[in-house]
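One chain comes next, on its own, written as structure tokens: the form predicted alone.
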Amino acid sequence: MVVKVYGKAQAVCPQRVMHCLVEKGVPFELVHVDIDTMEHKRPEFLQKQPFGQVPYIVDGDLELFESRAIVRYLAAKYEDRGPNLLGRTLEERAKVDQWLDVEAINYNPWAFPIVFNLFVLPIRGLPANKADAGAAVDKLNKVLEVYEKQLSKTKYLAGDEFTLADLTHIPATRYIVENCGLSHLLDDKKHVKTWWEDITGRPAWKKVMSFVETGGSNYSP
């Protein structure tokens, strides 16, 4: 059966999942959830995702939510297809998990208020909290200084191969760079900029962006 991804194509977390599926060459169906009309807060959606967030997936008998858990599952299930996204040894997997946690705990808490206040609220015609966004920019810049040190030693965050550790950063960072006017956060960090150009130049990510821009609902490799 085709994997069903319930979410909005333009949202960060569904893009994370779609990118993993495309990297692995796995067909999927995107089932649109209108988060602008708060469809994700309705009782029928909450039965599937009790926290009212997108996405969740249905893969046969499995229903699973939380995008980082989903990509771990998909990368493991389809480990023999496409690039190895989990690491090849116990030690490499530990490094991938480490940077996945860094993204969730140290990176995303600052990326989210930036995107929300400088992009999401303005396009909805709603007032933004620019003070919160500014504070988050300062915090994210300090996080990226840590990334700069790491990427001066390894090509990718968890080593010398592209993994989920890198993939998980792409959707939110794209909005920061392209829609929030903050490309300088990466441009003034040599190794971070090189890494960013590399991971966003991947054919799979370009396919995801094409899928989003054309309003696709079914993907087939």
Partner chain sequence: MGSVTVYGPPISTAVSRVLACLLEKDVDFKLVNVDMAKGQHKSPDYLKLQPFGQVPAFQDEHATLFESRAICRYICDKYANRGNQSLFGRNGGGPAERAQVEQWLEAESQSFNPPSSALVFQLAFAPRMGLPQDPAAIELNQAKLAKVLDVYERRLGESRFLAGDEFALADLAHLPNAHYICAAGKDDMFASRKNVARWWEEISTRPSWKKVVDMFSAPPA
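Values in this document were obtained by computation on a predicted structure and should not be read as measured data. Numbering follows the first chain given and starts at 1.
Absent from the display: the form predicted in complex with its partner chain. The rest refers to it.
Practice problem: Let me know the one among V120, V143, A133, L151 whose heavy atoms come within 4.5 Å of its partner chain in the predicted bound form, would you? | Solution: In short, V143.
Practice problem: Scan E178, D187, E63, D34 and let me know which has any heavy atom within 4.5 Å of its partner chain in the predicted bound form. | Solution: Of the candidates E178, D187, E63, D34, E63 is the one lying within 4.5 Å of its partner chain in the predicted bound form.
Quiz item: Are all three of V2, E23 and Y78 close to its partner chain in the predicted bound form, meaning a heavy atom of each within 4.5 Å?
Solution: The answer is no: none of the three residues contacts the partner (heavy atom, 4.5 Å cut-off).
Quiz item: Taking heavy atoms and a 4.5 Å cut-off, does N84 contact its partner chain in the predicted bound form?
Solution: Close contact is absent here: in the predicted bound form, N84 is far from its partner chain, nothing within 4.5 Å, heavy atoms only.
Quiz item: Does its partner chain get within 4.5 angstroms of any non-hydrogen atom of F116 in the predicted bound form?
Solution: F116: no contact with its partner chain in the predicted bound form.
Quiz item: Does R68 reach its partner chain in the predicted bound form, with heavy atoms at most 4.5 Å apart?
Solution: Answer yes; at least one heavy atom of R68 falls within 4.5 Å of its partner chain in the predicted bound form.
Quiz item: Is the gap between N129 and its partner chain in the predicted bound form 4.5 Å or less for some heavy atom pair?
Solution: Contact with its partner chain, no.
Self-check item: Interface segment, criterion being heavy atoms within 4.5 Å of its partner chain in the predicted bound form, picked from 192-200, 24-32, 50-58, 159-167
Solution: Heavy atoms within 4.5 Å of its partner chain in the predicted bound form occur in 50-58.
Quiz prompt | Residues within stretch 85-116 having a non-hydrogen atom within 4.5 Å of its partner chain in the predicted bound form | solution = In sequence order, L90, E91, R93, A94, K95, D97, Q98, W99, D101, V102, A104, I105, N106, N108 come within 4.5 Å of the partner.
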